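First comes one chain, alone, set out as structure tokens in the form predicted on its own.
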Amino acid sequence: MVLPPVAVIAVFIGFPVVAAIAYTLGRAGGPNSVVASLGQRQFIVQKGVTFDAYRDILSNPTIHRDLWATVWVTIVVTLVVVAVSWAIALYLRLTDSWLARTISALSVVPLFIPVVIASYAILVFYASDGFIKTVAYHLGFHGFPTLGYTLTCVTLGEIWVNIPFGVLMMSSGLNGVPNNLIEAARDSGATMPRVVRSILLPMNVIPTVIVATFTAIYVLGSFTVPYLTGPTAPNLLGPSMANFFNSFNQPQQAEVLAIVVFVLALGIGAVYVWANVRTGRRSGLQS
């Protein structure tokens, strides 16, 4: 019963990944023969492997700037999404008012808006002739900065896109905490900050890790938001990959960048696995 899904993953995901890795190492035969016959600036060997394609990419100053831009945008977006998601979910968990229900509804609105439309809306909002700039001009702030086509605009767009997932995940984790634990702590004289620090936070480590890791991996591999709202250079690695493949006709370099993103995502995923294993061990010891 497990064989069909495993076979599908192996054929449609595993085999292309292996072929792509082989191509970045200079192997242009078999499934890579067509793309190798069309690509430019390739590093091909008949026997063995070569890392010249990796040296070519990793020694490129433009890629250095794009890599650092990707890392910093990912860190900032992840931290802001986790903090905002925690704040909204905590407010929804501790308050049952019309304002809380309104915030809950508004926080998931981006989930139902396509990323392309959201990107264009964010760009128009922060462009040189957009809403923010126009309001600032009429208020007398003629030197208000233009955020469109900047990494700041990319960061705002990534935060806006990832907030719904963070709120839903954090709310699910906080709602799973029994009310009797909170009430018992309050009856014992614990303040609300102490309840959050001693009960809610420790019992929601896994949702927090999930939000952080999934957000970081999404931003690392994102294309639409940075492509539509970001600058020409530096930009995130997603648009850089597209430029190498489509504009420069260098598929080998594009796949090298894909491997770099995969390695970064693999490191982030390792944190998620470690957190789950650690929680499982603690649960086993407690039982």
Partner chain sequence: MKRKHLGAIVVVGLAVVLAAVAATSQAATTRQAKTVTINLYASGDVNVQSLWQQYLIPGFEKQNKGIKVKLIFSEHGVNDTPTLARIGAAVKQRKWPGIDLVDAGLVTTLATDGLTQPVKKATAPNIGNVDKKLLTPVHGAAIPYRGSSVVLAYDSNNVAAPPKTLSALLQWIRAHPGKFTYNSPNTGGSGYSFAETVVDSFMTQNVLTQMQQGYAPQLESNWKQGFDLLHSLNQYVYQGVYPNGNQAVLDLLAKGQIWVAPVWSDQALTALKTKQLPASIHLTQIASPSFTGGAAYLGVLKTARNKVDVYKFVNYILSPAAQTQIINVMSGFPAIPLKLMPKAIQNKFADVSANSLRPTYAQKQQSDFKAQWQQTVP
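Worth saying up front: this structure is predicted, and the values here are computed from it rather than measured. Residue numbers count along the first chain shown, from 1.
Unshown form predicted together with its partner chain; subsequent notes refer to it.
- At a distance threshold of 4.5 angstroms between non-hydrogen atoms, P207 is out of contact with its partner chain in the predicted complex.
- The closest heavy atom approach of N179 to its partner chain in the predicted complex falls outside 4.5 Å.
- Among heavy atoms of F43, none comes within 4.5 Å of its partner chain in the predicted complex.
- Of the heavy atoms in V34, some are within 4.5 Å of its partner chain in the predicted complex.
- Stretch-level contact check against its partner chain in the predicted complex with heavy atoms at 4.5 Å: of 186-194, 121-129, 104-112, 69-77, the positive one is 121-129.
- Proximity to its partner chain in the predicted complex, defined as a heavy atom within 4.5 Å, singles out one entry of Y218, F262, Y54, Y227, which is Y227.
- Contacts between 40-78 and its partner chain, taken as any heavy atom within 4.5 Å in the predicted complex, involve Q40, N60, T62, R65.
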